[in-house]
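Just one chain is shown here, as C-alpha cells, and it is the form predicted on its own.
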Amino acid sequence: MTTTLDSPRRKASAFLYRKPRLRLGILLSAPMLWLGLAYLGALAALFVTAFWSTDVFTGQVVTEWSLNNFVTLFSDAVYRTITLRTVGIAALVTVVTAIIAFPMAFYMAKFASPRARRLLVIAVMTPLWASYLVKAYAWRTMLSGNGVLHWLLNPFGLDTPGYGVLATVITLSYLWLPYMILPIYAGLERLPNSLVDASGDLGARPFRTFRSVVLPVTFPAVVAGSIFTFSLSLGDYIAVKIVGGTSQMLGNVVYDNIGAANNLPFAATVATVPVVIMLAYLAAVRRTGALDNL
C-alpha cells in the first residue's frame, strides 16, 4: 500500500524537479493571488468609485458615470493649491533627507569600524520601532512656543518656525530619514574603495570624486530611498494634522471627504492624484535606468 502511494508522489516530485518555472509559479500563486485581489482589486475599485457621485440629499452613492468630480478637482483653485503644496512638501522632504542621509551613510560604510557600523545601523533603525504618533507629537512639543527649540534658539534672537508647512517638512524628514539612509548605505557598501583611491591618485579633488565616482555608483540607491520618502510624504495626512497648523495636504482632503463630508466618490477622485503622480515619478525614474541597477 505504501509503495502504491509513494510512486505517484515520486513521479510528481520528479516532474516538478524538471520544471523549475512551474515550481516557482505554484510557489508564488498564493501571494500573487492575494496581491491581485487585495491590492490591485482595491486600486481598481478606487478608480471606478472616482467616476461616481453622492446624492446631496440622501448621502447615498450614485453609481452613474460622471466626470464632475474631476472637473471640480482641477477647476477649483483650492484643490490645485493643495496638490502643489503636497508635491512640494514631498519633494522638499526627499531633498532634505538625501542631504542629511548621504554623509551619515558614507561614514557608516567607509569610515566606521565593523562594530561601530553595526551599532550605527541599529541606531538608524531604532526610531522605526517607536510609534509614529509618539514621534509626531514629540516634534509638536519641540516646535511649540515654549518647547526645546525655543529654549535653544531664544538666546540667539531666533524662535521656532511654529506650526505650518516648515514644521511638516521637518517632522516628515525625521520620520522618513531611515528609509533614505539604509538604501544609500547599502549602495555605498558596493562602492569599491579602490575607485575612490584611484580618483584621488589622479589628482581629483573631493568634490570631483564625489560627482564623478561616488554619485554615479550610488545614484540608484538614492533613487530607491527617494521612492520611499516621496511616496510616504505624498500620502501622509497625520503629521500635517499634528504640526501643520491650518495647512492641508491631499491626504487630509481624502480623510475629510470620507469622514465629515461623507463624499466617498470625491475622496476616491482626490486619492487618484497621488497614485498618478507616483506612476509618473516611477516612469521618469525608469527612463534614467536607475532601477536597472538596484
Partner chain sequence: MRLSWTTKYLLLAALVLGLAVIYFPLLVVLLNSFNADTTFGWPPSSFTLEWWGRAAENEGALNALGTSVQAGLAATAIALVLGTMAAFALQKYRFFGRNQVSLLIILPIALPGIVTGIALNNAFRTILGIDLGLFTAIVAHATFCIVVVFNNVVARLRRMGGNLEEASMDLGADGLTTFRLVTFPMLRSALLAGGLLAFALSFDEIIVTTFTLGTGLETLPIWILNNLFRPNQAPIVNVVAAVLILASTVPVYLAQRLSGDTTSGGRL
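Residue numbers count along the first chain shown, from 1. Remember, predicted model here, so these are calculated numbers, not experimental data. We call the rigid core the largest set of C-alpha positions that still match within 1.5 Å between the two forms.
One more form of this protein, predicted in complex with the partner chain, exists but is not displayed; see below.
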Pick from 165, 222, 120, 92: which has a non-hydrogen atom within 4.5 Å of the partner chain in the predicted bound form?
-> 120
In the predicted bound form, the residue from 62, 261, 42, 67 with a non-hydrogen atom within 4.5 Å of the partner chain is 42
4.5 angstroms heavy atom contact with the partner chain in the predicted bound form for residue 148 = yes
Contact flag, residue 51 vs the partner chain in the predicted bound form, heavy atom cut 4.5 Å | no
Considering only heavy atoms, tell me if residue 159 and the partner chain come within 4.5 Å of each other in the predicted bound form.
-> no
Please check if residue 196 has a heavy atom lying within 4.5 Å of any heavy atom of the partner chain in the predicted bound form.
-> yes
So, 74, 84 and 218: all three within 4.5 Å of the partner chain in the predicted bound form by heavy atoms, or not?
-> no
Does any residue in 118-138 get within 4.5 Å of the partner chain in the predicted bound form, counting heavy atoms only, and if so which ones?
-> 118, 120, 121, 122, 123, 124, 125, 126, 127, 128, 129, 130, 131, 132, 133, 134, 135, 137, 138
Superposing on the rigid core, is the CA of residue 31 displaced by 2 Å or more between this form and the one not shown?
-> yes
If you line up the core, does residue 40 shift 2 angstroms or more at its C-alpha between this form and the one not shown?
-> yes
